[in-house]
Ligand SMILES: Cc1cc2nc3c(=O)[nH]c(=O)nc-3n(C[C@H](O)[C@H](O)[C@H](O)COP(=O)(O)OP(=O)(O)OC[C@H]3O[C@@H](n4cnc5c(N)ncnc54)[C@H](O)[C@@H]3O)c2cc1C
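Listed next as structure tokens is one chain, alone, in the form predicted alone.
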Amino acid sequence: MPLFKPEHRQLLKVLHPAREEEVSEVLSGLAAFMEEKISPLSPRFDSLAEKITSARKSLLENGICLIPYPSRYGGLELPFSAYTTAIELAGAADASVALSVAIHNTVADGIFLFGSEAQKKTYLPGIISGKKLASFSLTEPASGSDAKAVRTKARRVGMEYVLNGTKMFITNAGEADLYFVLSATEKGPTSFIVEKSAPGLEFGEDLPKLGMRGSRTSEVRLTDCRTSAENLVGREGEGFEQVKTMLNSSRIVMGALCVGVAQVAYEKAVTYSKKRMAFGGRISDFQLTREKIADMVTGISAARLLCLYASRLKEMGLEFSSEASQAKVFATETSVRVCDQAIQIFGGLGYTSEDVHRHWRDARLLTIGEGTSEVLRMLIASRELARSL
């Protein structure tokens, strides 16, 4: 089935009636590329028979990350909801490629929002065009969602900063050309851009994972790692608030990615249910199968709408942190449920076929990464209680 569907076009027409044709042209082009070049390779990425490197580079070169950025940096200046939808389509094509690209573009978002004009001109065009690959180096062995507890240290030495510490579970680590690193200075958490060529920057082995197997995940080790003072993002002590803002947008994107994963699992399950015969009829005719199908598609539609609602709030310059967290919690947990139901519809084949259960394995990561569901529920509740005062 095509990745870019009539319902995508309809929703974009509701959100951006004046630009629907322009946005649809970009998204349909990206979808056609992914259907031909990425979706067929997805099982091979999962089995590690092939690396995602070439597919990711081609997707970046086709402009997926150009979508939300201004033309002065080479972007397309399209709405953020168009980018959200593009990541959903990428998630349906291959979750590992989509994750790698989404994390990469989170770095672009951080530089765009908080970098100096010199940093934007130096780094943004290369990142969003795919000439440079980026990595968001936040998580540490002792601090994941609790970014204030960062233990990586940075101290100023002349015209450089010297960084020491270890980052853990970092997507694109070892492959990326640029690293957006949160470190602690005397003034508090602080963000730095660190180039791969920086002395003292090393990487661990690719960690084996339950899902998202195609994306590289490893440690980032900084041992007396030196980066120019010009690569300080904003000012010392501003890193925590910067990261919070970056994660708000990233959570919408991760929710959308999981909508894509759920969509492809759902479509496979529906197709199979129409072919599988049992007790003299198709299992799609059984009431309990139909209940599953109804719940699956309802959850997918609701998750997509939550992601687009949060995207629209962001586009309008309104507060959206609670809505972003709601979108991620609901979309990621819905995706896990939909993929689980897909396995159930396939029965034994769902449990034994990599091409069915890999979607569940991929979705399972994102109830943890970019803020666990538990932490996000705390954030949502805090925001809502504050609004009610």
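Only a predicted model underlies this, so the values are computations on that prediction, with no experimental measurement involved. Residue numbers here begin at 1 and follow the sequence given.
As for the form predicted together with the ligand, it is not shown, yet the points below apply to it.
- Using a 4.5 angstroms threshold between heavy atoms, Tyr179 stays clear of the ligand in the model of the complex.
- Interface residue remark: Leu76 is not counted as part of the site for the ligand in the model of the complex, having no heavy atom within 4.5 Å.
- Interface membership of Ser137, defined by any non-hydrogen atom within 4.5 Å of the ligand in the model of the complex, is confirmed.
- The shortest heavy atom separation between Lys209 and the ligand in the model of the complex is within 4.5 Å.
- For the candidate set Ser96, Thr171, Thr190, Gln263, a heavy atom within 4.5 Å of the ligand in the model of the complex is found for exactly one residue, namely Thr171.
- Among Gly204, Gly234, Gly144, Pro125, the residue placing a heavy atom within 4.5 Å of the ligand in the model of the complex is Gly144.
- Screening 192-200, 82-90, 309-317, 161-169 for residues having heavy atoms within 4.5 Å of the ligand in the model of the complex returns a single hit, 161-169.
- Contacts to the ligand in the model of the complex (heavy atom within 4.5 Å) from stretch 368-384: Ile368, Gly369, Glu370, Gly371, Thr372, Glu374, Val375, Met378.
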